[in-house]
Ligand SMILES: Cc1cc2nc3c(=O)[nH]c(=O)nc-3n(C[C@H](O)[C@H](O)[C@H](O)COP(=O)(O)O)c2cc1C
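Shown below, as structure tokens, is a lone chain in the form predicted on its own; questions about how it binds or moves come after it.
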């Protein structure tokens, strides 16, 4: 039997009660046996500043870079702010992607998101995909998880209460595990 795929989950929202943090918590609970999903917090990462970077990576950035490097795949759960990726998430990616050896290179990535609106963070996910492609990450195309009308899918305690959404989350995690194995095989045999 193969080991579970080590997946690192990142939430693009800092608010503890956000639908996207709740969706990431649901993903941890719904993770199938072939996925070992851990979570990293981007809240302590400072604003990107080239002057700071020239002095070396801040400790929270070092920790996140190492967590991404150790993971076999990454799951990013993003809200949508003004039709795009939240600044805190883009900031974390900008820090992590600085040379040397940026850890997204060749990394399988799945994206999901939730929104009270009708698009379920679709526009943010597409912008995030563009950023990941520029980093030579390997974003997974399907299945997509775009949770629209999130206020109707989570209960008052932030627990996912919608069975259809739960099935989509599980299906994406299963597909991410398969995608990570396929990418890993390509690296090992290529």
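Residue numbers count along the first chain shown, from 1. All figures in this text were calculated on a predicted structure; none of them were measured in a lab.
What comes next is about the form predicted together with the ligand, which does not appear here.
- In the predicted complex, the ligand stays beyond 4.5 Å of every heavy atom belonging to residue 103.
- At least one heavy atom of residue 79 is located within 4.5 Å of the ligand in the predicted complex.
- At the 4.5 Å threshold, heavy atoms of residue 123 reach the ligand in the predicted complex.
- In the predicted complex, the ligand lies farther than 4.5 Å from every heavy atom of residue 172.
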